[in-house]
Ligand code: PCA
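The chain below stands alone, shown as structure tokens; this is the form predicted on its own.
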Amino acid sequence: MLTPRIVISGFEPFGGDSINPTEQLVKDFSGTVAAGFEVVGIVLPVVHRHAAEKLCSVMEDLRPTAVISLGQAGGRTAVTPEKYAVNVADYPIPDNAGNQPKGVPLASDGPAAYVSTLSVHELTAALLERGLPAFVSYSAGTYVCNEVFYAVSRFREIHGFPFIHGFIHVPYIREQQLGQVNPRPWVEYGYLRDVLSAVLTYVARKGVVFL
């Protein structure tokens, strides 16, 4: 029998930042146990195609029960579970390798969009019940975050793996806005830790039906 696992992914810093809170979250939670599920973390490069390929390779090896992908969305005021992944790469800024695709389909034969298999409305309600601010987002953007969200959804469909998959964006943390002339909205890192802990518990309980 396969070990029940939840894979969480985050990203390295990008866009001139020296910090990406999702990288730290992945490092903090990797190797922990959530409701009997081993948590395996992976930090992805902010690079066109390569981020998605790296995560899909891990999924093929580990066959997880759930995959929770995290990304940074600067300017948001709370965590936002994402509802849709769209079939386009249209980067507002270059990635960490200098790529900047504009209006490029992620899969020429793929659907226009995928819907998260994580119940984002139910999850958001569960977070709010714990006093953790959250709201559903209907746009994961068109950068590397959306690309990973779409690729994992497509991988799940093509290979017929019945794992739960969701993407959650997080805001900046305090350390990223210190000293900024015009600081953008930020949250405390502890709030993000509390959110991820709650998400993992929620997903682990839902994931039992897939074992």
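Please read these numbers as outputs of a predicted model, since none were measured by experiment. Position 1 is the first residue in the sequence shown; the rest follow in order.
Beyond what is shown, the protein has a form predicted in complex with the ligand; the following relates to that form.
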(request) With the ligand left out of view, choose which of 26, 152, 144, 68 has a non-hydrogen atom within 4.5 angstroms of it in the predicted bound form. (result) 144
(message) Would you classify residue 14 as touching the ligand in the predicted bound form, given a 4.5 Å non-hydrogen atom cut-off?
(response) yes
(message) Even though the partner isn't displayed, in the predicted bound form is residue 72 close enough to the ligand, meaning a heavy atom within 4.5 Å?
(response) yes
(request) Report yes if any heavy atom of residue 156 sits within 4.5 Å of a heavy atom of the ligand in the predicted bound form; otherwise report no. (result) no
(message) Just checking whether residue 48 would be counted as a contact of the ligand in the predicted bound form - the rule being heavy atoms within 4.5 angstroms.
(response) no
(request) Considering the ligand in the predicted bound form, find the one stretch among 144-152, 27-35, 180-188, 158-166 with heavy atoms no farther than 4.5 Å from it. (result) 144-152
